[in-house]
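Take a look at this one chain, the form predicted alone, written out in structure tokens.
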């Protein structure tokens, strides 16, 4: 399959920025027209396509939609298009918002027709100024276009579309934290249940989908579920955007068939390792997931295959590191990020991530002892599930994975080794 066929979300015909007329002239809007013609068929199409959430969890998209659709008595429903994206190594959503905001908005309008949502919110990290500006320009053009009015008429209720700037904090991307922000509060995560689909923004049913997820919706409803499934490799469906960074010759954003091997991503598309470097490992899905090594290079990058390796595809971020790069140092940097990002609500998260960071830094600088390494192991057992959100779990996941795969590096740093 050629690169041209692989690229759906990042195809050159989509590179029309926020110009709505250019988007429509290049085939945009056809998915929305199909949705307007048969809104009751949209969820079944999404189900048959096997589309899953691209924000990290990989939850079946159609199921989320069904939960919101089931809230028949609600006169007001919200959709938050989550573009907060603040995790190290993840930079796909900002590119989609900056270069192709129209396909995202079209996907949001299709979602509205499928679920009865009538308030659409593009929730964007304010640090991504180009993405914010492109989204605002696109929103203004959509609001004035007859297609927007057609969606409102089909819903039978007033329809709104707006850009909302997130807090810019990592924690602000968590679902319930995003809801708190939209309501005007600090992005404190909340325990679930109740789930957003039943009790979200201002107590109303709320659907939260990632930017990339909604971009896929546009093309699935345009071309059909079978077309989308056939884009994948093996049993995988569709395409995935991978954020490739680290010690590779050609870091960047790559849209490839879901199920492309890790080896092909790194060595074919990424150009291989930097000169004189050997592949050592990759942090999959950003730093909050587990580490894959050279033994895993032939794994298919899809939800189920990566999970079989006790890892997660996550957002599709792949941070490649080479031999000679210290695992302890890299994990210390990532745990520092999580410790700085804790909202402070949950003592096990606030104190636990700081404690892990402190011990890691001591070991990395050659001042740690065996007892402190054992302490890290114990923290990795005690802390998971202790917070209102998954932040502390992310910190522990990368810690435990590094201890599982590279414990000898930790031991080599100890004073009493």
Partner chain sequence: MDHEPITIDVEGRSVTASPGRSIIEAVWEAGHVHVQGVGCLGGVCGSCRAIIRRADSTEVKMVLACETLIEAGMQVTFVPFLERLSDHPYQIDSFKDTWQLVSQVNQTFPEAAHCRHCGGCDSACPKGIKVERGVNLAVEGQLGAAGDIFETCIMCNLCSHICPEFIDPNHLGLLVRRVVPSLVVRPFNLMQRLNQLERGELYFDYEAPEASTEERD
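This one's a predicted model, so the numbers in the text were calculated from it and none came from an experiment. Residue numbers count along the first chain shown, from 1.
We do not show the form predicted together with its partner chain, though everything after this point is about it.
Not one of 176, 180 and 203 places a heavy atom within 4.5 Å of its partner chain in the model of the complex. Shown alone here, residue 366 lies farther than 4.5 Å from its partner chain in the model of the complex, counting heavy atoms only.
Contact between residue 371 and its partner chain in the model of the complex is found at the 4.5 Å heavy atom cutoff. For residue 343, a non-hydrogen atom is located within 4.5 Å of its partner chain in the model of the complex, even though that partner is not displayed. Interface membership of residue 38, defined by any non-hydrogen atom within 4.5 Å of its partner chain in the model of the complex, is ruled out. Exactly one listed residue, out of 32, 51, 379, 390, brings a non-hydrogen atom to within 4.5 Å of its partner chain in the model of the complex: 379. The partner is not drawn, yet in the model of the complex one stretch among 355 to 363, 38 to 46, 53 to 61, 66 to 74 has residues with heavy atoms inside 4.5 Å of its partner chain: 355 to 363. Residues 186, 188 of 183 to 210 are found to place at least one heavy atom within 4.5 Å of its partner chain in the model of the complex.
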